[in-house]
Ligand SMILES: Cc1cc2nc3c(=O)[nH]c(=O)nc-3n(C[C@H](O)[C@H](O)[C@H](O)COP(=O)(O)OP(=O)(O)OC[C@H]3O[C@@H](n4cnc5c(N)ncnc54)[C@H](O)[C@@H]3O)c2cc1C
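Quick setup: one chain, the form predicted alone, written in structure tokens, and binding and motion questions come after.
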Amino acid sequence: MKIAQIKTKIISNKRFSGNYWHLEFESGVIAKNALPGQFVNIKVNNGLEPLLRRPISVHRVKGRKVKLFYEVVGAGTQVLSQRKPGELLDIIGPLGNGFDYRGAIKAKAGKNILVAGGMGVAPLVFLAQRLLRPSGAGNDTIILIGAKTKKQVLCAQEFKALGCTVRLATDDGSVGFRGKVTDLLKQQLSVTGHRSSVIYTCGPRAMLKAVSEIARENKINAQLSLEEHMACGIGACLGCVVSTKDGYQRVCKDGPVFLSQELIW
């Protein structure tokens, strides 16, 4: 895997809705080498504050262009949202281990089931891109998106544009299934079955734990992209370790994608 540190101009940095933003830049090396589930580490400004870089998942890749999808939640992302097209960004990437999806592309049976909670949609759009069949049909991919309310559902139209089947779950029932997205997953498996299916998921820790349990009960392979606070992003500081059957592992370096059966909750 080729990792690069680059300085590149921002192509666009636009508010998507609320506190959600799309940022696009051009980098041939990152676009060529990035895999779904990997991330880039961005120095959000040219000064010392904030000191640490911000890790952001690769959201989409088109040619040499890389799109990121981020939420403004603190000082670092607030600064990033103020950056303008044409300004230079210092970026390291792609980093981490992504989803292992190549076998799913070759498989002739089963479904690719993507489960997203909140901002967990960010890396899954890129994964849905890569799961497209050579014919361009994405009907073997089902995306289940969970949110608190209809207004907080993210990226549904992006998945639909890729040809995915999209199902929604909201806590208040304002759109789609009323309840948790993990309950929707159980319902989906009861309808479509689970033979040869693979689950890919990203979202809050409680959701990931529930998905892991569902996968175990149904004897389905599941790959989980963990959301953890990262300091260095390269595995040096040991600030993002999680417990696994092989001991403590670093989310930024050994993950962020892990097999569900590897993790100890």
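Heads up: residue numbers just count along the shown sequence, starting at 1. Quick caveat: nothing in here was measured; it's all calculated off a predicted structure.
What comes next is about the form predicted together with this ligand, which is not displayed.
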**Message:** Just to confirm the contact call: exactly one of 118-126, 176-184, 81-89, 156-164 touches this ligand in the predicted complex at a 4.5 Å heavy atom cutoff, so which is it?
**Reply:** 118-126
**Asked** Val66, Ala34, Ile199, Met230: which sits within 4.5 Å of this ligand in the predicted complex by any heavy atom?
**Response** Met230
**Request:** Using a 4.5 Å heavy atom cut-off, state whether Ala210 contacts this ligand in the predicted complex.
**Result:** no
**Prompt:** Taking 4.5 angstroms as the cut-off for heavy atoms, does Asp140 touch this ligand in the predicted complex?
**Reply:** no
**Asked** Within a 4.5 Å heavy atom cut-off, is Arg54 in contact with this ligand in the predicted complex?
**Response** yes
**Asked** Applying a 4.5 Å heavy atom distance criterion, does Val191 contact this ligand in the predicted complex?
**Response** no
